[in-house]
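Next up: a single chain in structure tokens, the form predicted on its own.
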Amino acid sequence: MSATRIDDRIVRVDAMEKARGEAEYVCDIRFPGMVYGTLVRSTVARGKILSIDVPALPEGYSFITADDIPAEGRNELWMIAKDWRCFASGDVRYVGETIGILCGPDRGMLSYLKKHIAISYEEETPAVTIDEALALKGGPIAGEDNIMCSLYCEKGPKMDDVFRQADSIFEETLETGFQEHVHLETNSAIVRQEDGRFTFYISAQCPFYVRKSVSGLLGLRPEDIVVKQTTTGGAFGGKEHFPDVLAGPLLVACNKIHKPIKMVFDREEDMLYSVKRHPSKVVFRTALDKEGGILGIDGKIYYNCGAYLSASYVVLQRGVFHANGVYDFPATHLEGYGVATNTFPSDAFRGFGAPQTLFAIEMHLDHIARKFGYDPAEYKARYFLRKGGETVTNGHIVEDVKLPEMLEQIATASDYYRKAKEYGIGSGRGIGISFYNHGGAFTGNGEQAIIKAHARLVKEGSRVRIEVGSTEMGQGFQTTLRKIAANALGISISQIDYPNPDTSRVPDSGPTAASRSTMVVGKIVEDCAREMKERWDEGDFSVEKEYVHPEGHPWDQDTFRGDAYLGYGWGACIVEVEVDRLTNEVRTVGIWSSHDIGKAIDELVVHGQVNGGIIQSLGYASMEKMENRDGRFRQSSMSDYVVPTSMDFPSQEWFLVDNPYQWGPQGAKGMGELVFNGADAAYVDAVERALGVTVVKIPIPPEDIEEAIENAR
């Protein structure tokens, strides 16, 4: 068998079993004596629970609530904080909050019984939007002001001085909405007792998160619980913390009835009662000179967290730290606020807070450029960050920034400059452009102080097994990591095994999130492989290593000062559209992108990620409208929540620039989130030019385009 090289284009290792239907998901797994579980949820957004009337249950059926948590346990799920209750008790804070779990052998009977559980409430006035919560509609939800978390960062001169020097000030508010993950496999989990421990079989991104989150419910240590990741059919961040919300009630129920319990959401349940992308509101005030040059930007950033904090503080941090986009402005002051509302808690989603502020800064610069008669591409290029440039956290860019080269690639391929002039404004045809980045790995001291990732390689004969907590969820990581190990060992990828993680067998390498898997875990695996290669003739043995943070890149978590990220992925995207002036329907006729991801480990995987990420971003901008009225999501199926199909957008032309990252395996950086971060702004820019309108909120389906046209009139 020949050695696998990094440049080899190979078929994904999991492709055939998934294509043939041989992969085993949670819904395929059965255990003797297994029963089913279904969650009983709040039907009001805010109120006190007055009574719970449960009908007489047939033999073999149970209803479990907070009252069934043992005395040594606590009714809390430990995510970033411990504020999310496993079961609502006394009051409810959002529609869909778990009140109890109904368990039994027949799913039809469970559905019948669930409909006959009567819960009465003393309803209270909910605050659903950011503005309602800031106005304290219905009274405080969290603290005295509904601010769950906040932070600020600044660079350059004080903004008061900057505004005094300005010739003009340009101010606007930009907003983004909820977005549903729409992973192909819905949320699902099984719990049972094995060898004296509770064991989960679960569709999840972060197995070690699950055991940490739920162990306190029974007063256990995390290591007393085993989590086995099953084949996971997509996640996009929706299975980072949310599996904890399934696992908690299942654990309490299993502790009571001592039977294996399985729970699988149907699509409607998954859409109505699962986490979404944070809606955002960004208010920019920009100081300008006479020619429209930027003197400084003041930004206030608000994210709708929902009723519990979950990961919102970390999401907000990334949003604030990306609010300058790819630009180096003379002065910046940014404030970020996580706002508590009576909506289903928001959580991780591809991009993890960066897409909201990147959309805002891109559109803000577009609007300034057009106000002063500049082409947006040329105007934005004035402010591109460069190596050594200062970030909003007073850190510095430590890598070459290839944005000018990337702009040249896509501008030439799309004929951008000719089309931009020829189409003009309001012609029905438009071409738009955006630039974006994404900080790789966890923010600040997350990798070295909090996660402390470990990875292990085990040699048995001529085979090598990768043991990490990182998960395959459709992004191709089982292929990528095998390839990194095989290349470093000088053996064939067919000699490498990488089973789904089992927390009782593998070290904790941290969550599969934050575009960290390849650049952080991949690097540790590569280092293990290099040592193993040197010791290959020793027989059977294992090598385990941990993450080592490069020196000379300080970070102060208390002040948010320093190098928030060591390496960034960089992107540029152009989108061309034609708009039907009668129906406002938009037809996308061209998509061009360029990305700097360091070194591509596998171009087939990269190709899939680029295509998928950009289409998902275009859906975010154009059609994925999810409305929340009085705390209830109005869209509950694939017929009323519209996502892009292969018929909605044309083939893409894409480029990569080679810019190896010194601390990544073979020079690789993160890319899974980067490719989502910018196509939305390019699309909206194109629509604005085609129609001569200003758009300050996404998504923009045809009915919202009509509103923008009316506003322009």
Partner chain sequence: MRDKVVFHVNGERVEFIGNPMTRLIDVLRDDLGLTGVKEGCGEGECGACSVIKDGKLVTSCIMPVGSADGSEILTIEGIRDTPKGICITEAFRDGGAVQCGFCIPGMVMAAYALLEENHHPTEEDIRMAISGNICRCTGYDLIVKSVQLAAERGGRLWQ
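Keep in mind that this is a model prediction, so the values were computed, not measured. Positions refer to the first chain, counted from 1.
There is also a form predicted in complex with its partner chain; it is not shown, and the following applies to it.
### Query
Which of these residues, L110, I257, L604, M159, gets a heavy atom within 4.5 Å of its partner chain in the predicted complex?
By the 4.5 Å criterion, the partner-contacting residue is L604.
### Task
May I ask you to choose, among D658, D28, D67, D53, the residue with a heavy atom within 4.5 Å of its partner chain in the predicted complex?
Looking at D658, D28, D67, D53 one by one, just D28 meets the 4.5 Å heavy-atom criterion.
### Message
Counting heavy atoms only and using a 4.5 Å cut-off, do A19, E180 and N611 all touch its partner chain in the predicted complex?
### Response
Per the other structure, all of A19, E180 and N611 touch its partner chain.
### Query
in the predicted complex, which of 649 to 657, 681 to 689, 665 to 673, 55 to 63 comes within 4.5 Å of its partner chain (heavy atoms)?
Stretch with heavy atoms near the partner: 649 to 657.
### Message
in the predicted complex, is there a heavy atom of its partner chain that lies within 4.5 Å of any heavy atom of W592, even though the partner is absent here?
### Response
No, W592 sits far enough from its partner chain in the predicted complex that none of its heavy atoms falls within 4.5 Å.
#### Entry: Contact of A381 with its partner chain in the predicted complex (heavy atom, 4.5 Å)
A381: no contact with its partner chain in the predicted complex.
### Partner proximity in the predicted complex: S517 to its partner chain, non-hydrogen atom cutoff 4.5 Å
No, S517 stays farther than 4.5 Å from its partner chain in the predicted complex.
### Message
How about I147 - does it come within 4.5 Å of its partner chain in the predicted complex, if we only consider non-hydrogen atoms?
### Response
So I147 does not count as contacting its partner chain.
### Message
Pick out the residues of 450 to 487 whose heavy atoms come within 4.5 Å of its partner chain in the predicted complex.
### Response
Those in contact are M473, G474.
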